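Coming up is one lone chain in structure tokens, specifically the form predicted alone.
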Amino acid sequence: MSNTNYSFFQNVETSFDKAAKFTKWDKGLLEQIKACNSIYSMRFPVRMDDGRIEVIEAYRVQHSQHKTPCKGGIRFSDEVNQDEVMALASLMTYKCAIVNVPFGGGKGGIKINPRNYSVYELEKITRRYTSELVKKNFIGPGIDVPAPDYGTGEREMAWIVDTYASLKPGEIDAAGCVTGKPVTQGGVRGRKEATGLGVFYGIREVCNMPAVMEKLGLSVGIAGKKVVVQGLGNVGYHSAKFFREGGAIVVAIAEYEGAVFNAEGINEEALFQHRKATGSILNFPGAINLAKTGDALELECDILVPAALENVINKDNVPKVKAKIIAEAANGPLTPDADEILTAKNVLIVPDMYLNAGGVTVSYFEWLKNLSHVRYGRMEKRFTENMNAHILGQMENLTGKKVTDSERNFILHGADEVDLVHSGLEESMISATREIMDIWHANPEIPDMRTAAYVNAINKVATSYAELGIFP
């Protein structure tokens, strides 16, 4: 990416220092919160399909143990380095604090491009990485709980839990050593769409705040807002889906091969299928091709959702950004200088560290499910349905009127796992948005929403440390 002035970890520290000025905490305590507690850098050999041995470079960082376990994804990318993993781990600490998930921040990375390896090679690399973590006590349901990230998914998480369980025979909570697993392996329904849905819930709450919308010159609510999404991966796809279903118009979607634009709106599923069939999002029926993927970032729109990579909006392209709200679905999509320029132009930047916390929030629900050994809804679903049927029957008898079949189904429906997971996520995102906005409104000197989010995170982490009595 184009901004070479900052390392990613320095970007995070810059934002932290900016916010720390608005808190009352001791300088030494702030230094402790900022620091990465443990950094495990490893190299291990794996025999490839052709018989040669390759030495794999990998990392796991535990940023904070003010709450345990630590929590954070594992990414497979040839861009992985220690600085990036440290930055992502520290963002996880602040993210968990903001959405009131009781974890410390962690992150892992393996420096490979998964496209260059066979499935069998990827399995060997993942299992060996897991065994290295077990050796050093860097993984476990009460120690450090990884999850999927860029380049990983349910398959890799299944390999991790299987390796962990085989090395820890009889550990009854072994399934809780990792989240983002397939449902058959102890995963939770609703995890796949969680980050994109969380982005939607967060932005919807912001758009429902009259004072905020008035300042931006926008109408209240999501309906009719023009949205541009950069990225058609898991987060971008689901963000586009929920915005469209919520009444917004997704006018453009970008991927690395280019972007497509249609003022009437784009259906993300149709575009996904088109890409699957042709290998590209370009030449999508009814849409105009944009030559460069970056052109989508410069379109006229109300909400811009960068859902792909770091530093995509930087000092080179920031003067051309026209969005009124930037929803940071990816980690660190804006450089600090771009951040300041846009804030000065009265653009509302809804920060990554809380907006993309849907994944970790639902990971928390999965971890709780693994520790309780019972799926959500199993205990109360039928009871709720029977009770609702009884109440509805009584109401119909008393009034002599019948409700329609669709209304009947809606009223009688007892919550199953995915309903409860979505409901818990909605509650987490709405309350986090309100907490951040309250801090911002209470102190007019706080320059932007990101700083308010950091202030919120710092206060919660510092309170935890203070209450633990670590600092006499």
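Residue numbers here begin at 1 and follow the sequence given. We call the rigid core whatever largest set of C-alpha positions still superposes within 1.5 Å between the two forms. This structure is a prediction, so every number in the text was calculated from the model and none was measured.
Although not depicted, the form predicted together with a small molecule is the subject of the following passage.
Undergrad: Heavy atoms within 4.5 Å of the small molecule in the predicted bound form: does V350 have any?
TA: V350: no, not in contact with the small molecule in the predicted bound form.
Undergrad: May I ask you to check whether L309 falls inside a 4.5 Å heavy atom distance of the small molecule in the predicted bound form?
TA: Yes, contact at 4.5 Å.
Undergrad: Heavy atoms within 4.5 Å of the small molecule in the predicted bound form: does T335 have any?
TA: Close contact is absent here: in the predicted bound form, T335 is far from the small molecule, nothing within 4.5 Å, heavy atoms only.
Undergrad: Applying a 4.5 Å heavy atom distance criterion, does N289 contact the small molecule in the predicted bound form?
TA: Heavy-atom contact with the small molecule at 4.5 Å: absent for N289.
Undergrad: In the predicted bound form, which of the listed residues (T130, N370, N314, N331) lies with a heavy atom within 4.5 Å of the small molecule?
TA: Contact check passes for N331.
Undergrad: Can you pick out, from E255, E84, D302, E205, the residue that has a heavy atom within 4.5 Å of the small molecule in the predicted bound form?
TA: Of the candidates E255, E84, D302, E205, E255 is the one lying within 4.5 Å of the small molecule in the predicted bound form.
Undergrad: Where, among 385 to 393, 166 to 174, 115 to 123, 223 to 231, do residues come within 4.5 Å of the small molecule in the predicted bound form by heavy atom distance?
TA: Selected range: 223 to 231.
Undergrad: Core-aligned, does T179 move its Cα 2 Å or more between this form and the one not shown?
TA: Comparing forms between this form and the one not shown, the T179 CA shifts below 2 Å.
Undergrad: Take the rigid core as the frame of reference and indicate whether the C-alpha of Q230 shifts by 2 Å or more between this form and the one not shown.
TA: Yes, shifts by 2 Å or more.
Undergrad: Superposing on the rigid core, I want to see if G377 changes position between this form and the one not shown - specifically a Cα shift of 2 Å or more.
TA: Stays below the 2 Å threshold, so no.
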